[in-house]
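Before any questions on how it binds or moves, here is one chain, the form predicted on its own, in structure tokens.
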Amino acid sequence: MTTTPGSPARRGRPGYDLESLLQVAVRLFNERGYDGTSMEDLSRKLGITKSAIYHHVPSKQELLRLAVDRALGGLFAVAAETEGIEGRAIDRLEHLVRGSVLVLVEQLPFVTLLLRVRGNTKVERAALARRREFDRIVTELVKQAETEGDVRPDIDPAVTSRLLFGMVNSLTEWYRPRRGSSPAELAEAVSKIAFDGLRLPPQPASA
């Protein structure tokens, strides 16, 4: 049975496990909104009783926590990789952007849900706090790249980071798997559009 790290394994009815339940829940949350989806809706969609769902998770809020934690876990894993890269901050920033695009494509429904949380529950507020932490990581990289002379200094680093990841996050609105570019091609396109405009051009050598 598929489980999430840190969550106790639970036995369910044959044909249903925590992973399949989570996939359906996230799809419904994205279609109807978290607040607009009830456990009754989920049980009808799965064709099982609510008690069968509760055999896997104690509440709807736990399904939300598992979903947003999966998206956040992917993003922070890329951020951890970025910290281990030697060299200039602009290159680490580009690695973070590319990796975040790949996480978004791989975990599209989960990242979509993460970007839609509004802080109405304890789980949502915790997710928003972690999103702010991720934003700080991006902003710090932009500041370092500016200090190193690789990023144009006429834009506030916080604004640059918001614009940069605003473009990345907008993929949830239009990207659909199996259509158009591959994940690697998509990451390359985002990187080119973002960093060709972000980098300072080489400065002429002083006479």
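Throughout, we count residues from 1 along the sequence that is shown. None of the values given here were measured: they were computed from a predicted structure.
This protein has a second form, the form predicted together with another copy of the chain, left out of what is shown; the following refers to that one.
Residue in contact with another copy of the chain in the predicted complex (any heavy atom within 4.5 Å), chosen from Gln61, Thr147, Ser170, Ser43: Ser170. Looking at Val151, you'd find a heavy atom of it within 4.5 angstroms of another copy of the chain in the predicted complex. At a distance threshold of 4.5 angstroms between non-hydrogen atoms, Leu164 is in contact with another copy of the chain in the predicted complex.
Although the partner is absent here, Ser181 sits close enough that one of its heavy atoms falls within 4.5 Å of another copy of the chain in the predicted complex. Though the partner is left out of this view, Val159 does reach within 4.5 Å of another copy of the chain in the predicted complex, counting heavy atoms only. For the candidate spot formed by Leu75, Ala77 and Glu133, no residue has a non-hydrogen atom within 4.5 angstroms of another copy of the chain in the predicted complex. Only one segment in the set 102-110, 67-75, 122-130, 85-93 has any non-hydrogen atom within 4.5 angstroms of another copy of the chain in the predicted complex, and it is 85-93.
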